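In structure tokens, the next block holds one chain alone, the form predicted alone.
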Amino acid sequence: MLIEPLLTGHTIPKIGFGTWNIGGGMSPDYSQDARGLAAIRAALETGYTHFDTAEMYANGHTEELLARAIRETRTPREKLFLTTKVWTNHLRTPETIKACENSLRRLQTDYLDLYLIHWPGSVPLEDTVRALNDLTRRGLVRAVGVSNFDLPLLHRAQAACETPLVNNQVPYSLHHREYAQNGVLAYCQQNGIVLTAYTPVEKGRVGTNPGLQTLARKHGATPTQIALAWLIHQPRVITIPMSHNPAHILENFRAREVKLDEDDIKQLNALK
């Protein structure tokens, strides 16, 4: 299955396109606009429909570039799943509402498919979730979730949320399994919450693993594709690899075609 159902009744693709470092880091780098636009266009032309961004990415400029690429490729909004996130300096109720409205303006859309709290902060969590409730009631967001939340914070967010909390976005890959070890992954799987794995190929480092290289040869795939296939083989897990390179963008997307067997999964689960 190439999609995961959300608790709201919507669905989300198993492999999306991450946009961190498109158009800058935590501040805009306009000299990188052409490169960033080319990457997003390549992703759209490859077939990606889920795009993950955040107001913190290039201080909002990444959202602007994503909107521009969608407009220039004439991609219908209804064919896309757009996720963005509120940053830690906007976690009080009125600030979160304003941050979401600003993201909508930059993304040139009337609604978000998924809106996340990017990181827990010093503001009481219930204040931020109050804003998420308001945004959902107004139809500005279709689903809400969190990012980088451990189990106690996840429970608090769920308790304060009027609608189902559908997503927790965390670092998760073959070599980084902290959120499997701390119980978050199992809890999400048992409660219908989708876990989004970010940094899934560890900036390319997974490709050097000998075990991955062996499995890649077996499947006529690349080590990166095996690492991504391992993630999306898991129930309630999706991932959002990012690249500026059109060849890598296509390589990541085609990881959906890799069919791992039980022995493959056992080997990958035991990989160090």
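Numbers follow the displayed sequence, beginning with 1. The structure presented is a predicted model; accordingly, all values stated were derived computationally and were not measured.
The following text describes the form predicted together with a small molecule, which does not appear among the structures shown.
- Taking a 4.5 Å heavy atom cutoff to the small molecule in the model of the complex, the contact residue among L165, V86, L132, V201 is V201.
- Of the candidates V237, M242, A229, L44, M242 is the one whose heavy atoms come within 4.5 Å of the small molecule in the model of the complex; the others do not.
- T136 falls outside the set of residues with a heavy atom inside 4.5 Å of the small molecule in the model of the complex.
- In the model of the complex, the small molecule stays beyond 4.5 Å of every heavy atom belonging to R92.
- The small molecule in the model of the complex is approached by E251, whose closest heavy atom lies within 4.5 angstroms of it.
- The small molecule is not shown here, but in the model of the complex it comes within 4.5 Å of a heavy atom of D52.
- None of 210-218, 243-251, 23-31, 65-73 except one has non-hydrogen atoms within 4.5 angstroms of the small molecule in the model of the complex; the exception is 243-251.
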